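This document opens with one chain alone, in structure tokens, the form predicted on its own.
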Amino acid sequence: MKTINFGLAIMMACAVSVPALAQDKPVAGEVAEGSLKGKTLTFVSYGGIYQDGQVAALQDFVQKSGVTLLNDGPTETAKLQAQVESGNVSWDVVDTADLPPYVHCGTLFQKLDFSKLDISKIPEGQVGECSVPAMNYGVVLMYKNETYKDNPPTSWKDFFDTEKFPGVRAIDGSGDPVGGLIEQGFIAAGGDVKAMTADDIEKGIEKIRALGPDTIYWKTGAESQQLAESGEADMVMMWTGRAMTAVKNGAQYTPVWQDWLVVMDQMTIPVGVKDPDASYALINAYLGKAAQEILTEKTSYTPINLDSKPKVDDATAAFLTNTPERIKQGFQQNIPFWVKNFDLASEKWSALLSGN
């Protein structure tokens, strides 16, 4: 699974007429019997257990609607851009990382008509102008029990304090700049993220750079998991799913939940799809209580329907991020800031990863 590195959304609503395909007032998880018979939809995501779980979550929709569901992937913005620019869009619903629907809203991704979707059960603040969440997870600080024993770190501030908490750090270096971590670095440097400017991006990155030359920048979630299971790093920033699996596999690490970084994949409809109403029907079904329960049970990712009650073991439940306590502890990055400053942040992040 890829990083995902930003997690705040901006809720907007549009009011236009609902097509005959949809119900007068759509209900998440419901679709009219036979309403898509003879139609074909191509769903695009990131493969592996995650996309398998999404497809399993959509089986009731497929059976009731009569649609033929095809799968493709992995999601690549460049491929989607080529489709949109050629006017030959073959992807009907696309699961993306959290930032692209904000950077490319209205150009690659349609501005959503919320009269066609039931978003009433989605956690507050997670609906964007061009996207709804596909699932929730988080980036969490994991520390090695043997290293810190009775004096463990309790915050990202401790993560950046190499004098009080010495040891090797492992950081997500898999892709785009990790805005939440840069913000936490800026906070550790004495800054106020509410007043953060473009010039302050370097201050946050400098705190990361100051962690030292032994810092490990992992490239995949599997690599981060291996770092924990082997005990190679003393503190590892990890996706919650990978952290959970590492602990299940015997890694002697403990999560720090205070200010865990909220992350979500996004469900989007590309500009230029041939049958947008069918795309809306798929997304609305996916947002349903039962569909989200299946998704979590198959993947361990947190459901985005507040009524969902997936049946999972205690170890999995411990890493779900939708409990009242976890929601209160979460840190949501400033998505509008990172969209506005994406190019600058990417340039500085790339310099960090290349050792400059």
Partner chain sequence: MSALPQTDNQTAGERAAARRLNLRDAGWLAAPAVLLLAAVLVYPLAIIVLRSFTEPEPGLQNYIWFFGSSVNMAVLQRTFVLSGWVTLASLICAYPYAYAMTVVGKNLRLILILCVLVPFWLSGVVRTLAWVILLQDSGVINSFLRGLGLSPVKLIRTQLGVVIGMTQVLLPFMILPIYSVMKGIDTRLLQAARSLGAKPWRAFLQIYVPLSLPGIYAGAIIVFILSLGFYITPALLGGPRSTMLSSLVQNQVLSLLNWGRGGAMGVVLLVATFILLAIAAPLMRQKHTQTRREK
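This structure is a prediction, so every number in the text was calculated from the model and none was measured. Positions refer to the first chain, counted from 1.
This protein has a second form, the form predicted together with the partner chain, left out of what is shown; the following refers to that one.
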One residue of 71, 230, 252, 151 in contact with the partner chain, assessed in the predicted bound form (non-hydrogen atom, 4.5 angstroms): 230
Among the candidates 234, 118, 200, 223, the residue which, in the predicted bound form, approaches the partner chain to within 4.5 Å (heavy atoms): 223
Non-hydrogen atom within 4.5 Å of the partner chain in the predicted bound form for each of 176, 216 and 346: yes
Residue 146 within 4.5 Å of the partner chain in the predicted bound form, heavy atoms: no
Partner proximity in the predicted bound form: residue 207 to the partner chain, non-hydrogen atom cutoff 4.5 Å: no
Distance check, residue 157 to the partner chain in the predicted bound form, heavy atom within 4.5 Å: no
Touches the partner chain in the predicted bound form: residue 104 (any heavy atom, 4.5 Å): yes
Among 119-127, 77-85, 259-267, 234-242, the region lying within 4.5 Å of the partner chain in the predicted bound form by heavy atom distance: 77-85
Those residues of 324-356 which, in the predicted bound form, come within 4.5 Å of the partner chain by heavy atom: 342, 343, 346, 347, 350, 351, 352, 353, 354, 355, 356
